[in-house]
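The chain below stands alone and is given in structure tokens; this is the form predicted on its own.
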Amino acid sequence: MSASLQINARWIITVDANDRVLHHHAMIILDDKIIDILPQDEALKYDAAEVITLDDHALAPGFINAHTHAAMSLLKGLADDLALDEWLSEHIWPAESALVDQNFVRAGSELAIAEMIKGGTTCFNDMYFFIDETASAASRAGIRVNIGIPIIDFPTRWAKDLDEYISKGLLVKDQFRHDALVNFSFSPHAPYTVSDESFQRIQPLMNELGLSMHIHAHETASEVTDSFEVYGKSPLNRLNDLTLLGPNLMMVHMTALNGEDIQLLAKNAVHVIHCPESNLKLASGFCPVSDLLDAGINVALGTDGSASNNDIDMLGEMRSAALLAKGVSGKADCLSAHEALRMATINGAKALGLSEAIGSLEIGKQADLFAINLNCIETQPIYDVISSLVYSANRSQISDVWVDGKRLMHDHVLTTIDELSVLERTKQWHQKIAPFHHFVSKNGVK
């Protein structure tokens, strides 16, 4: 039987319903799909155009980064060690107002996508402006993406009002209608920047087009307090009253939650996107992951943008999520390595409505995966390969990445992105951004 590719590996970490880890198996790929996974000595029945043997490696499903602001990679380290409100209003929003345009988003997206591929990420869920540039950058690189159509109740360099946000977003969606790797959702920024009227405008469009919603919410305790002062209710209850809660809703951060909130999320099958490192860096609070999982809520992982995290490293995010959950709950067994891996893979696929296609290594699914060399000082000896992946491995050990069966990184070298060109463009943007940031820091917001 013919095949495009056969990969022989020491371990295949399936992340299937039984969390199986297969030893000395072969993965058989035909074009963009996995058509078989079987012991290596039984794979002789396949005549593969290419055979790769990775005796020291594990194959795992590509990471799904469920919340990013890719283009903000150009703002990495711009304003560190600040609280969320000060970071956002006095540094990030002024920088964006002055600097963000199509060229900024193109360069920032390329930088982020290169970093994500090198870290084993094969799909990301993005929220930003000039979405045509991010979609184009992802399409050129061959990475899978869900593009958020931005909605916010004030003008930006992308759009002047709600009508323009919607029309421009839907136009970009139509431009990529034939690209299987590029999907779309609506991404209202947050309840405190989007009015009830704006939510009511986009809700019928979501239903008509079958799109999901991706929104920041309950990021800090003060956000919830402010919502009670303005609306007489929490952001979650406000969205509930607008009939927006449901399985097509992804709520990001969700640190300030009580028991009734968790019950409401579970009742409506809302997905929670946990960004542990960003929340820690901005001192935003702690997402009650253990309680959410106990309630049966689907929790996925995101890095947030590099401006509030400083890397886009899903391996690091998994480790932080597992350790933080233990510390917050006081229960060492509350979030296992296996559960953390599911949050970074199949749970993200569920949140994006893509779990039938990606998120695990199973026959019939798309060939989105990475190979990681575990025969390294950092990950030896190995007693549980998933434990070693989550608690010991680092992204420099990831050697190869495939999306839809296409190899995006070969032995640590990107195949669809010119790294030197990305670095040169990043250097040029740094020369533009640094003087502006110095001026704002010295003189205040202008």
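Each residue number is its position in the shown sequence, starting from 1. Just so you know, these numbers come straight off a predicted model, no measurement behind them.
Below, we turn to the form predicted in complex with another copy of the chain, even though it does not appear here.
Contact check at 4.5 Å (heavy atoms) against another copy of the chain in the predicted complex: all three of 76, 339 and 430 pass. Taking non-hydrogen atoms only, residue 185 never approaches another copy of the chain to within 4.5 angstroms in the predicted complex. Another copy of the chain in the predicted complex comes within 4.5 Å of no heavy atom belonging to residue 92. By the criterion of a heavy atom within 4.5 Å, residue 377 is counted among the residues contacting another copy of the chain in the predicted complex. When contacts are judged by a 4.5 Å heavy atom cut-off, residue 260 does not count as touching another copy of the chain in the predicted complex.
Contact with another copy of the chain in the predicted complex, judged by any heavy atom within 4.5 Å, is made by just one of 350, 281, 189, 168: 281. 80 is the sole member of 80, 356, 161, 101 with a non-hydrogen atom within 4.5 Å of another copy of the chain in the predicted complex. Only one listed stretch (392-400, 24-32, 60-68, 44-52) carries heavy atoms within 4.5 Å of another copy of the chain in the predicted complex, and that stretch is 392-400. Contacts with another copy of the chain in the predicted complex, taken as any heavy atom within 4.5 Å, map within 305-336 to 309, 310, 311, 319, 323, 324, 326, 327, 328, 330, 331, 332, 333, 335, 336.
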